[in-house]
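One chain is shown next in structure tokens, namely the form predicted alone.
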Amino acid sequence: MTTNILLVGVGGQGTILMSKVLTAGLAQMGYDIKMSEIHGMSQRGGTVITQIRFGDKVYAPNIGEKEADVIVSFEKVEALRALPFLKNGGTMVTDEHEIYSMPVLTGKAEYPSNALVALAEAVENLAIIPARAKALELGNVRVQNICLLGALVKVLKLKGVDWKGLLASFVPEKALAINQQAFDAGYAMI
């Protein structure tokens, strides 16, 4: 059986780092893993999507519509955009945070005020968590991604890996403690 995960965010939120830590942990668990990254003007606040597929044997990294078992979103509108990929009965974990695109900032578009309501109506297994707010509370907004990683690890029941120890391979030593706290916080939110 193959599990399909879609990570969606905006450039600069740490989507790629999260995917690297996740795939390293899955590799330690002995899974075959395929990953694909899509960077849409990510350095300018554009969408970043990472597709991760793992299981006994995986042949391709791409996830089609209605194939994602789990979607993790760093922002509400990105969660709405990713909805067509979530399979029936799939799980979505999203941060409640809002990031305004350039059209919204310039007044040419409106940010959908009903994003969370629309998600709640469309997704049976929905977890809305304050990952960014928790990261700010911990003292560094950049650990939002690791907070979301903790939540994902719990959703998928990925045991047998020292996830907090694994972080040491990916973050500088001076940032390790706060990243470990963020992982614990995200894990506790689910």
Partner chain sequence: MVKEIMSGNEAIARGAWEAGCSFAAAYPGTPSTEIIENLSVIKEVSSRWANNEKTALDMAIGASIGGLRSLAAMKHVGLNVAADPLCAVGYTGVNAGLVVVTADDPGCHSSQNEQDNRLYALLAKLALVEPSDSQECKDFIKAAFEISERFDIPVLFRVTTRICHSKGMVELEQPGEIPVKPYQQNRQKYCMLPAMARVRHAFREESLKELEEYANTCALNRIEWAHDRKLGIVTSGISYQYAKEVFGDSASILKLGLTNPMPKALLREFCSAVDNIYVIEEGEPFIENAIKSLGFACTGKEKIPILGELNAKIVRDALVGQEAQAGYSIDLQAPPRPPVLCAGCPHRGFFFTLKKNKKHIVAMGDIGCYSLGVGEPFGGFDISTCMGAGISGTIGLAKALEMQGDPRKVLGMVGDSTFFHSGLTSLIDVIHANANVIACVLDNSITAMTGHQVNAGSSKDVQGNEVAAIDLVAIIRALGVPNERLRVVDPLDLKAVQEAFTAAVAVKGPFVIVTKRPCALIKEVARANAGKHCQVDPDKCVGCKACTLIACPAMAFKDNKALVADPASCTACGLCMQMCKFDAISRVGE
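Positions refer to the first chain, counted from 1. Source: prediction; values computed, not measured.
The next section is about a form of this same protein that is not shown, the form predicted in complex with the partner chain.
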Original post:
Three residues, Ile128, Leu156 and Lys174; all within 4.5 Å of the partner chain in the predicted bound form via heavy atoms?
Top reply: no
Original post:
Hey, in the predicted bound form, is Gly55 touching the partner chain, heavy atoms inside 4.5 Å?
Top reply: no
Original post:
With the cut-off set at 4.5 Å between non-hydrogen atoms, does Val161 touch the partner chain in the predicted bound form?
Top reply: no
Original post:
Any chance Leu167 has a heavy atom within 4.5 Å of the partner chain in the predicted bound form?
Top reply: no
Original post:
Quick one: does Ala60 come within 4.5 Å of the partner chain in the predicted bound form, counting heavy atoms only?
Top reply: yes
**OP:** Within 4.5 Å of the partner chain in the predicted bound form, which residues of 85 to 102 have a heavy atom? Give them in sequence order, or say none.
**Re:** Leu86, Lys87, Asn88, Gly89, Gly90, Ile99, Tyr100, Ser101, Met102
